[in-house]
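The chain below stands alone, shown as structure tokens; this is the form predicted on its own.
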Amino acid sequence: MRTFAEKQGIYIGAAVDAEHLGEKNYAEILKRQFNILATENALKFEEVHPKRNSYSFANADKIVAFAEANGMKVRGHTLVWHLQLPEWVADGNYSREEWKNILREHIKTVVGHYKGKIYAWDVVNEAINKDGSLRENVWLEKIGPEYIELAFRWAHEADPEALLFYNDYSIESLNPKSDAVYELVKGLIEKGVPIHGVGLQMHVSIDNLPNLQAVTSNIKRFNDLGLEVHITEMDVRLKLPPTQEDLTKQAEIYRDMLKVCLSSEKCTAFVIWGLTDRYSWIPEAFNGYGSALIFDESYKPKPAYYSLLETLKES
């Protein structure tokens, strides 16, 4: 896929876990098939900044080094989120200024550590509710709505060359949540806040399909603001055990979403949230579901892999 994606001028990628990079099949498939990697967990607050005065970059460093050695870009995920926070943050009791200092120092330290090495950052992740309101979280409660603007400004100060994204789920189609994200990023642009793109996570199932025309229209309106769009976390979960019909349908969904991306003006990356069904968050998060990725548990390519490959060849 990598060869054909590069001919199309698009990044094709996967989220990776540093601990699996030592597995030959895992590493070889990544090198051969993808030209961008996402840090699945290694840069989430809890893992990279476990104590107030200490950082743990080892796993993220491994991913970045692997990417550099193999001519790949890296998407850094994620600087500001309401989940996977260390206890000192989740249970913290600080003044508003201290909270701002905590977030500023975290962003500047993490982004600064990878200055020039990470192509794009998910700066703020999942800050909007389904109804379009701001999600109640520690940052909103302790700092206020401006935490979003501040996060982008601090990230840009730490690495002016990195692309900065807002990332969320269930915003691939046209709905109150994606409308609110549109208004949020439009407002940031109007304030001169450095934001370069929107990430559509695209966690879907064959029973819950986004409308292709709505996805196309949604990407266009973000593009019309001057923003890039990345598909950032795509997977298509199936009821277990999947039938051949399920796998065929899954392949069609992957294909259709890639086609929408390729046909859009500035949809510049298509990233799958994992590589192999052997390592996937889906079975734990969705009881009775799995088989969401394009390689099975034995690293064998599934119909979804071939559908992406053929689409990249044809376009």
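Residue positions are given as counts along the sequence shown, with the first one as 1. Just so it is clear, the structure is predicted and the values come from calculations on it, not from any experiment.
The following text describes the form predicted in complex with a small molecule, which does not appear among the structures shown.
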If we test each of Glu126, Glu172, Glu228, Asp159 for a heavy atom within 4.5 Å of the small molecule in the predicted bound form, the one that passes is Glu126
Heavy atom within 4.5 Å of the small molecule in the predicted bound form - the one residue of Gln84, Gln213, Thr243, Asn208 that qualifies:
Gln84
Would you point out which of 76 to 84, 142 to 150, 180 to 188, 220 to 228 contains residues with a non-hydrogen atom within 4.5 Å of the small molecule in the predicted bound form?
76 to 84
How about Asn70 - does it come within 4.5 Å of the small molecule in the predicted bound form, if we only consider non-hydrogen atoms?
no
Even though the small molecule is not shown here, does His106 get within 4.5 Å of it in the predicted bound form, heavy atoms only?
no
With a cut-off of 4.5 Å between heavy atoms, is Thr268 one of the residues that contacts the small molecule in the predicted bound form?
no
Does any heavy atom of His203 come within 4.5 Å of a heavy atom of the small molecule in the predicted bound form?
yes
What I'd like checked is whether Phe57, Asp61 and Tyr114 together line the small molecule in the predicted bound form, meaning each has a non-hydrogen atom within 4.5 Å of it.
no
